[in-house]
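A single chain comes next, written as C-alpha cells; it is the form predicted alone.
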Amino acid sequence: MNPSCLQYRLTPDEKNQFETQGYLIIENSLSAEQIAQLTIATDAIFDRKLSEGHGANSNLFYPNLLPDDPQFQNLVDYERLLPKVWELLGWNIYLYHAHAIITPSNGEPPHKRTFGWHQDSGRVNQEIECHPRPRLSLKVAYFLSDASEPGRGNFWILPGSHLQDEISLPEGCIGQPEGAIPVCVKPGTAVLFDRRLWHTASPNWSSITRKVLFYGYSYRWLRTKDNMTVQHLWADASPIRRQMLGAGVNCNGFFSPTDEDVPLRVWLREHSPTEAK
C-alpha cells in the first residue's frame, strides 16, 4: 500500500461518531469515474440475472461478487477506507463477505409497516454470551445510486443501538422504532457500520434503482459468510490484498498469525508502528 493512505485514518471525531453511534458516513469516497465503472459492472450483473429469469421489479442480493469484475476487487484494499477499518478492528482482518444489493422500484404505494430490523451475523447473536454483544465485524457500504431522499430503498438504522442486545418494535407492526432514521446519501458515499447496529432494508417507492456494494470485514478466524470463490485471485494480488482475500499459511495462522500470514501488520510496523501491536 502507498503510505499516502494513512491520511485517511479515522479522525478523533470520526472515531467518536463510530464508537457512540455505530456508524460513520464518508461522503465523496468514490470518484465520478469509479462510480461510473462500478455502475457498469453492477448493471452487467443485474442484466445477466434478468436474462436468467430474475424479476425486473424484484430485489437482487448478489454475494461473491469479487470474481465478476476487477473494479469490485479494487475496493477490497481501497486506500480511502481500509485504514479506517484496521483502526477499528486491528490488523488480523480479512474480507469475509461481499455482496451487491440492487433494489428496483417495486411499483407499489408507500406503506407504514415495520421493516425487518436485525443485527448482522445470525446465530452469533444467540450463541455468544456477553453484553453488549461483540463487534466482530463491520461493513462498508458504497452507494452507486442517489439515495439522498427517503423512499429510494434506503437502508434504515437506529443510531447508538449497537450497544443494545434488543430493541422495541412498534405494536401492531406499524411504524419504525423510536429514533430510527433512513440513511440518505449521494452517489459515491461510503457508510461504515458496526454489525451490531440495528438496521433494515426498506422498499424502493421511487423511480431510481438503488445500487449498493457491501464489503464486510472481520477477524481472520471467522468463517466466510458467502462462498467467496477468490482463491484464483491470490496469485496476482499484492500481499495486503491477498490477506484481505483470505490467504494464509495454515489453519493455525488464522488464530496465531505469523508475519507471512498478515502482511498488513508488517506494513504497519514500518509506517505506523503503534498500530502494529
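All values reported here derive from a predicted model rather than from experimental measurement. So that there is no doubt, residue numbering starts at 1 and follows the sequence shown.
FYI, the form predicted together with a small molecule isn't displayed, but the following is about it.
The candidate stretches are 174-182, 74-82, 118-126, 88-96, and the one lying within 4.5 Å of the small molecule in the model of the complex by heavy atoms is 118-126. Proximity of 105, 147 and 205 to the small molecule in the model of the complex is absent: no residue of the three has a non-hydrogen atom within 4.5 angstroms. A residue is said to contact a partner when one of its heavy atoms sits within 4.5 Å of a partner heavy atom; residue 139 meets this definition for the small molecule in the model of the complex. When the small molecule is considered in the model of the complex, residue 162 lies well away from it, no heavy atom lying within 4.5 Å. Not displayed here, the small molecule is kept clear of residue 211 by more than 4.5 Å at the level of heavy atoms in the model of the complex. Interface membership of residue 196, defined by any non-hydrogen atom within 4.5 Å of the small molecule in the model of the complex, is ruled out.
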